[in-house]
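Coming up is one lone chain in structure tokens, specifically the form predicted on its own.
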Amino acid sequence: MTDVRLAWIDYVLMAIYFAFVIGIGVALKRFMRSSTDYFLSGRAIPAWVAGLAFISANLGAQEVIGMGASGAKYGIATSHFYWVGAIPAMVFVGVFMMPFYYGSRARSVPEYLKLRFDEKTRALNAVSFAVMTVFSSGVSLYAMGKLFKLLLGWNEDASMLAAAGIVLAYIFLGGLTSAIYNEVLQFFLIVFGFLPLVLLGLKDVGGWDGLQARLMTHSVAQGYAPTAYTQSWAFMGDATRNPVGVEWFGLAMGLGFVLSFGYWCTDFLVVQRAMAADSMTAARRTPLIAAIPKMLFPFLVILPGMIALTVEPRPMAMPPAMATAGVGIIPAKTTEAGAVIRDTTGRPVIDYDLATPTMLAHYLPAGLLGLGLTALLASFMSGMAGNVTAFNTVWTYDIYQSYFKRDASDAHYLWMGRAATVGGIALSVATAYVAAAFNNIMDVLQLVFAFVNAPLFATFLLGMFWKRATGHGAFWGLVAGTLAAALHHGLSLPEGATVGIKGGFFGVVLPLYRSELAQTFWTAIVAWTVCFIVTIAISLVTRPRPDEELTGLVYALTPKPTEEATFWQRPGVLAVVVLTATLLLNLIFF
């Protein structure tokens, strides 16, 4: 795609990074004496470390590459994924939900479902989550191999196997603790790797004012108001007036409530980091500490995509057909023969996923390019490691111990955890090759998350705050919510898409959505609503558990946690500070 040549200093930086991550695993191996040490870091991680790992576990390919792509496609409105679709949910899980997770001493999210509801609800969540984590890990691996082949001409198979081998080494040796401390390293690497890219890009286009001026031209060319790409809320009253293609209710309910709370409050991938904290107060502070850098990440990962829209490509930086059909330095998608791919309206399909990588190749010199590419590698490996550590815990505790070998020794479960790590990595590699057979696998992955996480949040909300919710209600509510999501998706279609994976396979009955995001938001709303209603209806006609069995599992029956911190470290105070800062950012870019 681009003519990118690495200097010796770039290779040295990558080699140092690989040595560090494996070295951390080697150093921590001697501390892995029990299954609790391996899967939950012995519940001994300081709050600030757990907080950075909490956010870094989410900094996978979907975050760094995906948000840059969305920045190019939707403009500053992509910030809604942070200031609406992340921060409020992170505050909620820290203030209200961590007392249940940490206080119940559950070792995983599925195990909490067993304690609160029953075995079949735990089994349904454990199996679906295990499949999702392996699938997500494989997609990250495939995306990394493909990206480095396009950028550097590296062999795709060798790139994937090398990255998988490094992740395997440090997780096999040091378990969750190794993953957490590597995630802290990866967090700083991503910040220092992408910050020069943003600064150089802004300088080139004339700062924020210059970027706004350039985006006005692009916005008008797309049929929107001049400031549609640089204002986040002003045009949300009508789905036809903003690039996201969704109105304010679909955004607030679909993203701000259902999808965001469904992910941050129930996904064991991130919750596991908070459960590893060294006290209840530290566990509650973990997502709140993570929310502080999270609210600033739009400037680091979204701006490169927006800048890429306005920069002229260098001569011979990409094939003429791709450059002519592309926008800025972002190329169009092409077939193997080099022909530009077009949608049903005849417009070129822009490869927005290459927005951030092309920015790296365009702006960064030797040394900084190595740092940027290492940061990109770190994001892929961080996402993969987070999924694998979550998988080995759920497999060992919620599947293997529950259904295959209940009464084995702790040493046996420690051994099984390491075996599950090897198995998880192997399945991820296999999934990566399956992903290669599809050209829209990321869309499929996001859709699967909407199917599973949206109804799951309804289950958790009722389970934690309504003691009348029953196991039968929770199980059949989850099933009904997932089926409702499939039905809605099968009856709807976004503009410009063809019937198939993107919907319409039951017949296009509903009006066309303006974008795939709008369709996904409403699919999540439908899934959550149906699960919520069905869970309540079935719970009302089935027998609830007695109150004494629900102590510590339901809000009304749980003693309020005592504070073990100074005033400014208290979760409630941190929550107010974080929410106030987020509100101000929304107002600034309104």
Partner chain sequence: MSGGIGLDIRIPIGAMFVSMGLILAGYGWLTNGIPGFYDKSLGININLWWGLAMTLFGGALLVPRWTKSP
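What you are looking at is a predicted structure, and each value in this text was computed from that prediction instead of being measured. Residue numbers count along the first chain shown, from 1.
In what follows, reference is made to the form predicted in complex with its partner chain, a form of this protein that is not presented.
- Among the residues 554, 526, 534, 49, the one placing a heavy atom within 4.5 Å of its partner chain in the predicted bound form is 49.
- For the candidate set 184, 427, 106, 143, a heavy atom within 4.5 Å of its partner chain in the predicted bound form is found for exactly one residue, namely 184.
- Picking from 220-228, 241-249, 152-160, 188-196 the stretch near its partner chain in the predicted bound form, with a 4.5 Å limit on heavy atoms, gives 188-196.
- Contact check for residue 470: no non-hydrogen atom falls within 4.5 Å of its partner chain in the predicted bound form.
- Looking at residue 59, you'd find every heavy atom of it more than 4.5 angstroms from its partner chain in the predicted bound form.
- Taking the partner from the other structure, its partner chain in the predicted bound form has a heavy atom within 4.5 Å of a heavy atom of residue 12.
- In the predicted bound form, residue 484 stays away from its partner chain, with no heavy atom inside 4.5 Å.
- For the marked spot (462, 466 and 475), a heavy atom within 4.5 Å of its partner chain in the predicted bound form is absent from each of the three residues.
- Although its partner chain is not shown here, in the predicted bound form the stretch 14-51 places heavy atoms of 16, 17, 20, 24, 27, 28, 31, 32, 41, 44, 45, 46, 48, 49 within 4.5 Å of it, in sequence order.
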